[in-house]
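First, one chain by itself: the form predicted alone, in structure tokens.
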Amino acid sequence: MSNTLEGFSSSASTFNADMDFAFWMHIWVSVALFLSVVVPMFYFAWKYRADKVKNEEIGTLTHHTALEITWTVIPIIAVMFFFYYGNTTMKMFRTMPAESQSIVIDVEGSKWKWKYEYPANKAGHVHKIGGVYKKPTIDENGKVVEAGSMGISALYVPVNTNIILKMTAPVNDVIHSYYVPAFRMKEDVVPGRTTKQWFNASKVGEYDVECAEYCGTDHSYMYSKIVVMEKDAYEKWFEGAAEDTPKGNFAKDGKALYAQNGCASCHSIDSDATLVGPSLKGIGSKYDSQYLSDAVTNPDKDVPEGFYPGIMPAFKLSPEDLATLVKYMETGK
């Protein structure tokens, strides 16, 4: 398994249908125009090839009004379709709902993490959520000076609610891009400026977020989640003050846990490729569940030959999540 985003085949926001229609309309009209040129070209090249036509049969056609009008009007109509659906779809994305009817969340993108800051709740508490993968520090002799650590930031939102994101990056940072495939949403995050985007999630669940603008060495670690919750569960969390990781009823299978905890960044599970750490392909036939559990929660207990201790951080998972993750490592399901 590679570090890839999920969500291209799912539809989880209110404007997905319009976006997908505009996309496929562009594709099929373009295919039709392409075939209308290429098919006749090959047909005439075959029909009038040199061994089928004598020189004395070749005539000169200088003008055909109907044909000229046809090949002018049809592309114009196609371009107008492109413009209409492209423009209406863009307006839908760019027309922000009223802030008074939305939840406004500040987002900061920086090398290489996402941070979220919510408005104050009734008690005055402000939820601030941030997480980043920190690679271990290794000296010139290969010794680990500082162990790595893992944290995944997540944006928690209620279902069927307008969410406005006000996004920026530190002045001395670089351009990032906030990309959510399941919402068909992507917006640049520019140092020293504030850009805005909005969405209304229509389904409860977890959805991948990643930076879509190459931003440097650890670009691939700039990973986050949007967790869409039932409204009552969100309100209970938002009005609290102590817990920034709500326990929603969203799906959390082994594959999701594997991606969410960054395992795919360091371990291939469907090939023999060595990434940062060893491949996990077929590992269920080599080791038992206890060994795999220890490898997740205490990775320095038994380090594979050829690798160094301190590289992999220790993960603190609930017993249920740990069992689900281990099962996925064993079976791929």
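Here, rigid core means the biggest group of C-alpha atoms that superpose within 1.5 Å across both forms. Bear in mind the structure is a predicted one, so any value in this text is a computation, not a measurement. Throughout, we count residues from 1 along the sequence that is shown.
Another form, the form predicted together with a small molecule, is not on view; read the next lines as being about it.
- Contact check for residue 33: every heavy atom lies farther than 4.5 Å from the small molecule in the predicted complex.
- Under a 4.5 angstroms non-hydrogen atom cutoff, the small molecule in the predicted complex has residue 304 among its neighbouring residues.
- The closest non-hydrogen atom of residue 311 lies within 4.5 Å of the small molecule in the predicted complex.
- In the predicted complex, the small molecule lies farther than 4.5 Å from every heavy atom of residue 284.
- Partner contact region in the predicted complex: 296 to 304, out of 38 to 46, 296 to 304, 66 to 74, 24 to 32, criterion any non-hydrogen atom within 4.5 Å of the small molecule.
- Annotation for residue 297: C-alpha shift of 2 angstroms or more between the shown form and the other one, rigid core superposed.
- With a cut-off of 2 Å and the rigid core superposed, residue 279 has a Cα displacement that reaches or exceeds the cut-off between the shown form and the other one.
- The distance between the CA atoms of residue 113 and residue 280 is at least 3 Å shorter in the predicted complex than in the form shown here.
- If you compare C-alpha positions, residue 276 and residue 215 are 3 angstroms or more farther apart in the predicted complex than in the form on display.
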